[in-house]
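To begin, one chain is listed below as structure tokens, in the form predicted on its own.
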């Protein structure tokens, strides 16, 4: 049966879950109805390092309705510690009396009502023996660990010592050089949906309702912590109200709520506070970075050195190691990188939208801007001179790379040619005006996945897979793919996601979700089309009897051929045995045959854009930004952004546009607003709320023009689909910082850029 899968995409389509979301019908994890739930409230540590010496629970137990209080003394040996985001050790909770960080869960109070649980939690008295805490970089007692490798699976160019020596030599010999240091702060995801958990036991079977980016990961990790068969655990998360990486890994809370429910013999529901979300889940760690660039007089890079330091917890070596990403951006002949983990008395950090690229591309793209001024060269032209169609690390060709076409289209729409290159030379009334730019890029990842699709004689289809709707439009992209593959209207496809009882899909992270889900859906639909065609040509009562199955297509709810003959699905489907149902698995090229079995065990493998043997696969983009800085108050505004992206075949331009805009706005937030403040003495979070943790509001969101540069990438994957969820934020913080320098002549190398730093 002939079919062009790339014809599926590019048609703007409203979200199929839009009505449910705006009317409140969409069920998020804490909305799930359970019978007679009890309510949990967390007690968290008020010190960042030390030990618990005792509990006084008398006042808490006296609160009417209190049912149980879990501490390390009563349940500490009943649950295994969870693994961290890198699969290694992490800070623990109720397993012992050890306190690893501020806000660590140290007790769980369960009561008949939410209010009683919260009141009792406030009356739990904890005696502790505090020790001097190390908050961050430079604090006494921190431990620095040099890391020789990048992110798991990333390639490095060669011997690190030899690379450094070569970079030093090239730097010393170059006529133009830059040696600078940058810093980025800790940041927290702050999704609108809190980190809720509801656990229900039915005999030996446990159901966990929890917002999650990885249904099968949550299922298997919870089973491992509880020491039970994963077959007895079901995880449900039909919608996620924001995640950005914070709901991608198991946290400690899930197993303890499950244990509380088991002890009580009734469902237990936890809805923690906003402040607790700063310490019971992961965050973006602060970084310090050293960048050295050298170039010839015409702007050609001769060397690049990029070293990073990242904060982590005491037991964890988690790092994002973003230097392995930045080393692929420009054609420097000599590249040296290094990463160091700084162990402090903090919670273990984790993935946060474009985890490696947001902090590390800020440093590199700021340095490129500084180099352009040292060269007296236009910043966009400096990037053009150092553009490359081959990966500087591996030497492999990029599957496609439209970085400069993105810059050209963004610059033209923005009016970049009107920029006066001299800093502090452009004004509008009392406002200093600055233009800044930066590159954006993100690897193209794809994982194994499975799906079950059924087609009824009525022409209605059901698609079921344990994928994840994080607000990105996953329900709609899956429906579009199935509908167009089967010749149906999108409204005739019902999509079921967010349940580990459905076939597995990897974690919704690394911008792999669209590519992963669409490929397996297309594979399943191809099976359906083939079965329908073969049944039709074999049936004597069919108008296609004895025809070539390859000449038949599905369109408009019927089986058709090129001569205009058609047969409705009400006749075609019953020939396959009634309701036609198929199960399909897809393992991307380059992954082992065991990838699907590992996915079923909660361990997803990923074909990563920077670790392929044939090509290096990335999406690229460019930002052009205007900022205005008040000449007296130094208030900073961003009235205008133009961003262009080349990301292969766009499945749904409607939701893609929203994704790009969301990334841009969060990039503005990264540049000007967000910073988690850590007390340098106590190592405690100071601004654990949405009043003091500053995020952009409507007045901070400028005019944003998004350009989707057409790109046909035949080498990235069979459908030419690239991820778009994370690329929008990458480089935006640098573009704004560069624009602030152009407006004021003052270079700010530590985020966020705020008025007080310009005074």
Partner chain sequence: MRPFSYARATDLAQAVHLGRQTGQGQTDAPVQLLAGGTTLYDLMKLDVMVPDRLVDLGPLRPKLSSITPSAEGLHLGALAKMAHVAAHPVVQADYPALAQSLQLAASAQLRNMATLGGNVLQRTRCSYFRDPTWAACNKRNPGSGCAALTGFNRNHAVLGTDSSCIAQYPGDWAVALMALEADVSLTGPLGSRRLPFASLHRLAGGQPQFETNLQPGEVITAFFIPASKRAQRSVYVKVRDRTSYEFAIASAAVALEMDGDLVRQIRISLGGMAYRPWRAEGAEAVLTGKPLTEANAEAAGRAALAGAAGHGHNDYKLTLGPQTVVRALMQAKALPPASRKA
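Numbering follows the first chain given and starts at 1. Note that the coordinates shown come from a computational prediction; the quantities given were computed from them, not determined experimentally.
The same protein has a further form, the form predicted in complex with the partner chain, not shown here; the description that follows concerns it.
Shown without its partner, this chain lists 331, 377, 426, 118 as candidates; in the model of the complex, only 118 has a non-hydrogen atom within 4.5 angstroms of the partner chain. The listed set 431, 416, 373, 201 contains one residue whose heavy atoms approach the partner chain in the model of the complex to within 4.5 Å, identified as 431. Of the heavy atoms in residue 389, none are within 4.5 Å of the partner chain in the model of the complex. Residue contact check for residue 494: none of its heavy atoms lie within 4.5 Å of the partner chain in the model of the complex. With a 4.5 Å cutoff on heavy atoms, residue 630 counts as touching the partner chain in the model of the complex.
Proximity of residue 686 to the partner chain in the model of the complex: non-hydrogen atoms within 4.5 Å are present. Partner contacts here mean any heavy atom within 4.5 Å of the partner chain in the model of the complex, and among 563-571, 486-494, 674-682, 377-385 they occur only in 674-682.
Along 725-756, these residues reach a heavy atom to within 4.5 Å of the partner chain in the model of the complex: 754, 755, 756.
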